[in-house]
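Shown below, as structure tokens, is a lone chain in the form predicted on its own; questions about how it binds or moves come after it.
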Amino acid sequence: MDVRLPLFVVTPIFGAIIILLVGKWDKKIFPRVWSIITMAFLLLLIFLTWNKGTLLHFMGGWEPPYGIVLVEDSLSLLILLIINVVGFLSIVFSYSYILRYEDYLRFFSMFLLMIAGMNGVAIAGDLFNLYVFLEIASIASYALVGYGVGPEELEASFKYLILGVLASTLILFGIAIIYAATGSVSMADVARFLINNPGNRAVLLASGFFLMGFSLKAGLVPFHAWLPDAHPAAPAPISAMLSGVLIKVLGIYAMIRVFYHVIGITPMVSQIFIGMGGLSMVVGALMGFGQDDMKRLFAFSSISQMGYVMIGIGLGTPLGIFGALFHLLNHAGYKSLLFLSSGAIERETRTRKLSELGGLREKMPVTSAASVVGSLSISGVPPFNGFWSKLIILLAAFQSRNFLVAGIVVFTAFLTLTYYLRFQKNAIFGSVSEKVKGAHEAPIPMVMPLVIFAIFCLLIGVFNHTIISGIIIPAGQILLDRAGYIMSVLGGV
């Protein structure tokens, strides 16, 4: 039993409480510094639990299926890595970015609560606590989207709240049906029951609720209505967290954990995944074309990029799964980079409109260079990381002889490259516009995360074999081994 696992949840919750208590005496410096320290400790925890196999923690000493169990395997380790690396760099970026707002305490405390909820989802070993952690992260994100309290922010936050609550309700209904049908909420115990008792129609109904609920959380088409409003309205570090992490953890990761490990993937569900993935890819890419708002363009591209992940998951082959998980990691890097870059640009120019930008490379050279790296990465230009994960998904489609899917992958990649070239042409290059004339490079705490993300995009692309063999393949093998998951959690129980 590993006592370190609860610290992934307890540490950020404790950090949030300390910020609210001590921050009453120092509202400016302490919340920013303490949140960075808290996130650094979480990164240390990941290092301490790296490559240790499947780690378990039985809450209160009660073993599953009767007690609450926390599980860290190679898949949840990948998700924890994404959450906490992006969270740490977003917190560092916030050190200077937050100066545009008045209330530091609530921003950083809610940020840490969001991290706690997502970490909890990553290591939850039972469905009910997965729901509880999902709600903690969701509630914090609702508040953070509307943090600017302007009309745009509050409208986006309210829409996100309504659709988010609907998603949570659907997921809760699914959990209730699973409990009624199996008598358990332990993921491994439910999976064992369903293997021994196949053909339960109640599970089919629960699957429908899970599919709709997690798709809403992931912002997949046709459940995407909240995403194009929430991502642009939120502060830039929160936009990075929403697109780079939240939709993956609360939507994609929770969905694949439930369908692959608990319920069991079926050909019908696989086809639904592929259909939703293809639709999200094309619709998100086409909608990105007409956007003048920089952050709204990035938001629609998130819908499109999650489609790639769903395609890989839906194909269900080892190559498809590896490509999907690799794309999940890559997207966290370059999309966080792009949203943080947009925050730096907006801070200096006071606009997000591409039509009002131009010549940023002259006034903000580092931010511009990082934005170009992010654009090339998401467009799938070699040697950057996005190229390799898209290539793997394309090869998986060919391997499965699903040529329509392969065509959609290539078509969407072309569309993505086209509208990101437009972003670079209008914002980064060209003559210096009126809005850009008074701009200068962002402060070091804002520039540093951009540089690190840009380096990540290049290094992951160049050393892709090391990343795939050391992180992605072990995570994919865990996902494909339902029986192994059951045995690792329940053992001989």
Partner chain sequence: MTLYFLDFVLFAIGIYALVAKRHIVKKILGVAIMEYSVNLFLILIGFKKAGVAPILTKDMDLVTFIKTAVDPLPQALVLTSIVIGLGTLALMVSIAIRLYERYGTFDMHEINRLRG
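Residue numbers count along the first chain shown, from 1. Everything numeric in this text was worked out from a predicted model, so none of it was measured.
There is another form of this protein, the form predicted in complex with the partner chain, and it is not shown here; the text below is about that form.
What is the one choice in 404, 195, 99, 176 with a heavy atom within 4.5 Å of the partner chain in the predicted bound form?
Of 404, 195, 99, 176, the residue with a heavy atom within 4.5 Å of the partner chain in the predicted bound form is 176.
Of the residues 296, 347, 353, 363, which one places a heavy atom within 4.5 Å of the partner chain in the predicted bound form?
It is 296.
Verify the contact flag for residue 106: yes if a non-hydrogen atom of it lies within 4.5 Å of a non-hydrogen atom of the partner chain in the predicted bound form, no if not.
So residue 106 does not count as contacting the partner chain.
Flag residue 155 as yes or no: does it have a non-hydrogen atom within 4.5 angstroms of any non-hydrogen atom of the partner chain in the predicted bound form?
The answer is yes: residue 155 has a heavy atom within 4.5 Å of the partner chain.
Looking at the partner-bound form in the predicted bound form, is residue 228 within 4.5 Å of the partner chain by any heavy atom?
It does: once the partner chain is placed as it appears in the predicted bound form, residue 228 has a heavy atom within 4.5 Å of it.
With a cut-off of 4.5 Å between heavy atoms, is residue 169 one of the residues that contacts the partner chain in the predicted bound form?
Judged by the heavy-atom cut-off of 4.5 Å, residue 169 is in contact with the partner chain in the predicted bound form.
Looking at 114 to 122, 84 to 92, 238 to 246, 179 to 187, which one sits within 4.5 Å of the partner chain in the predicted bound form if you count heavy atoms only?
Contact-bearing stretch, as computed: 179 to 187.
Relative to the partner chain in the predicted bound form, which residues of 196 to 210 have a heavy atom no more than 4.5 Å away?
Stretch hits, in order: 205, 209.
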